[in-house]
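For this one, two forms of the same chain are given in structure tokens, first as structure 1 and then as structure 2.
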Structure 1
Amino acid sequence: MPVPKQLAIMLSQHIGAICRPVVNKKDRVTAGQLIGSADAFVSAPIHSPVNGTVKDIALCSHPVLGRAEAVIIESDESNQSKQPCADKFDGRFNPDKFTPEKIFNAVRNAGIVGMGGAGFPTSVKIKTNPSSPIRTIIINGCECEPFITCDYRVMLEWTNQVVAGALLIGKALGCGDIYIGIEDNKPKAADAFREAIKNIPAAAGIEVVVVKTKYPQGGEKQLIKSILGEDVPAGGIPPMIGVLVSNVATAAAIAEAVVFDIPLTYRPVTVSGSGIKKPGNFYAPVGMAIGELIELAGGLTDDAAKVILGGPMMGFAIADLSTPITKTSGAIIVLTEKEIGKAKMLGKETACIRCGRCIASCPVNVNPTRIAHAVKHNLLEIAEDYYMSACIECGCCSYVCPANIELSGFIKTGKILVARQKKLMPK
């Protein structure tokens, strides 16, 4: 794709401490240059995807925070779009050339975060912890939401690079028990990984596991259960049971950072949905406006009704098409009025009829209705008592609710309000 004339690189693109700008207005920047940093351990630096000039440091639309600070860069006309480096990885790759310290520092300096949507700084995940050692690594190739195919393309086109990233994670953690989980509706991806593993001697111990195609199979806890048969405690995280889960795109970014010292400034993005004229996958710079990506995909159809950043189940509806993509933005989905449904379009929410469908559909066995109503009445302590933090925000409850109550939306809001109370998120 052509390099955008202007980018708005958000300083908040990950879980943890928000970065502060280390450049000023009118500064010249080069592609890969550090533009945002934080001293906190749980954070990830931000880099410029292009050569250009800092136009401003100002508030911009943010899909989660509403508005947040961003470094706005006007790119030079001479810029060329960054090219993937997957062709540079082959059977000769050997993770033993790199020390755990080198891998950790490269991942930290490159600003890599979980690209499957969570945005947790990857350097924190691959830092060895003697009190809680990682015994199993799972590379997540389960793209379970409708329309999204960016990870599928990564698995087909960057196969060796993903395997290299998996091996580097294993080297950093001293762990050789590695699985690649792929849903059974992606047999070509599974075959590609089996062939790659066969041709890379260092990857002989990696096992490809094909799991059932169902939603939300791509959730960390659900994938761990499917592959290992183990449960992560409610409200807990995979390292508590000695497991690390990494998205395939994140593994690819790790390989690029460690081997070539390239920061995370571009990512694959699916632009799809019935409201898009020419759906496709794009290798896009972080900070590019959603509207520009939609135009590259042919623009909106006449019956387009809702733009979603992320998947149709777990994504966020976007009203401002100037909102920039971030490191975690894997998809832009546009739905039509017919797909959303007339009741949803008109906002006809009715009273809860206590049918229990939300409870029956919840993959983590919480009570979405109790949590949502507690949040609605600002009873956040009660919401937490009902294990609000255990909710994975899959949206199943909202999808099946006959009363059209946005249960998942209330729960997401509740989490944000609690984070603000605890000063873990800016107001």
Structure 2
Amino acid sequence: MPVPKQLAIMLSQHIGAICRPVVNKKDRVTAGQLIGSADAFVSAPIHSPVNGTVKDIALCSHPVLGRAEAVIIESDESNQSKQPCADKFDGRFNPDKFTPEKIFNAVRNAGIVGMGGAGFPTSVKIKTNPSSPIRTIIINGCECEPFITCDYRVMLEWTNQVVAGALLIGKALGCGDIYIGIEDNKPKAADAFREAIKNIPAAAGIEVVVVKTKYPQGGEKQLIKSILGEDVPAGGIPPMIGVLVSNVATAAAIAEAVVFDIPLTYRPVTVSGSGIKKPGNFYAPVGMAIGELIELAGGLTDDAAKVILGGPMMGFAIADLSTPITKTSGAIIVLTEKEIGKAKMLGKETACIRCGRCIASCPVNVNPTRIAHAVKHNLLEIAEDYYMSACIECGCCSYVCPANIELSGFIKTGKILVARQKKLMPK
């Protein structure tokens, strides 16, 4: 893959504090050099993926925030595309060579965040907290959404590296109870992991668990339920019940960072959907424009109707193809009108027929139609009364609604309105 001429690396890549740029316009940078430092605890630094010069620090289209500051880097001729280092991991890997402090620092300095979508800084997750110790670690090999296959490729091709990452997380937290959850439509991945665990003596305690293929199996709460049979408190997070869930790509990045001190600047990205001529997976630098990745995948077909960063269920529709990918962008999906559905294309909403399909589809068992109705009429107390905060925003309810009501859209809006009311969020 050719190195893109220009990259725009967002200063806000993840949940938590925004990075402070530490380079200036016209500075020369080398691949792996720190360009944005994280001062807050809940944050992660960012690095340049390439050798080049800083062209500007300016506002760019951000997939989620609309517009946000980014460090724009022009790459030079000396660049070579970064290669994954999966083949450097083998049976001799031993996590005991690293101390928990070393692991924490390496992860922190490499700027690793959850690569499955949420983007929570990983260093925060692997810091031991005596008041709520982690007793179980789950490596999430369930693709979060339909169409996305990059995690599958990671599992097949970087198997040893993922296992190494899992062991390092275990080491950092002093926890040996490790599961790898894989959906039952990917038996090859499960076999690959079983093989890898056999070959790595240190990994003997890891258990591969095959779970049912369904959306949203890749949601951490759903995966915990499937593997451990336990419920995370509604509106809560897994550490509350002593569980840590990490995506496979994140585990791989941890291994790379700890063993080789390589910061997170490249990530696997799926470019797929019927609107793409040659769908595929790419190992792409953070900051690459979505449009360039689409070109690499053969470009858009004539009937392409919608470009989505992330999966079709939870991803963000993109209007500007110069928007760069971030550390959390696992996929670019381009849908055609046929896939979207005609009613959805037109955005035509009809009356709720009270069929209850949305309720039946909700993985966390809330009442989407009532919540959405309340939000529509600005009755936020009623919405909260129906446990709006428990919603995981998976989009299942909107997906099944025959009246084509944007239920999850209304619920998300409702959550933002409540956060503003409580002054947790600026207007």
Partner chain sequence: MLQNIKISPSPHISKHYSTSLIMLNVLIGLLPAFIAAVWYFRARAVMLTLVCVAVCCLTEWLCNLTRSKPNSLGDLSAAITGVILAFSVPPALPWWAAIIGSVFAIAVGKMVFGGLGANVFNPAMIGRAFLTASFGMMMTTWTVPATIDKNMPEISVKNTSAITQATPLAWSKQAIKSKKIEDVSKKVDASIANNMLKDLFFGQRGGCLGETSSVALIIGGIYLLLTGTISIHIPLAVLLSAFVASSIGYFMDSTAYASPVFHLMSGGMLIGAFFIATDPVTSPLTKKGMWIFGIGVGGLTMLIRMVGEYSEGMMFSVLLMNSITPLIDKFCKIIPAGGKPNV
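All of these numbers come straight from a predicted model, not from anything done at the bench. Residue indices: 1-based, along structure 1. In this text, the rigid core denotes the largest set of C-alpha atoms whose superposition between the two forms falls within 1.5 Å.
Between the two chain copies, the one drawn from the form predicted on its own is structure 1. The Cα position of A390 differs by 2 Å or more between structure 1 and structure 2 after fitting on the rigid core. The Cα shift for A204 between structure 1 and structure 2, taken after rigid core superposition, is smaller than 2 angstroms. With the core held fixed, the Cα of A17 is displaced between structure 1 and structure 2 by less than 2 Å. When the core is overlaid, the C-alpha of I371 ends up 3.8 Å from its other position between structure 1 and structure 2.
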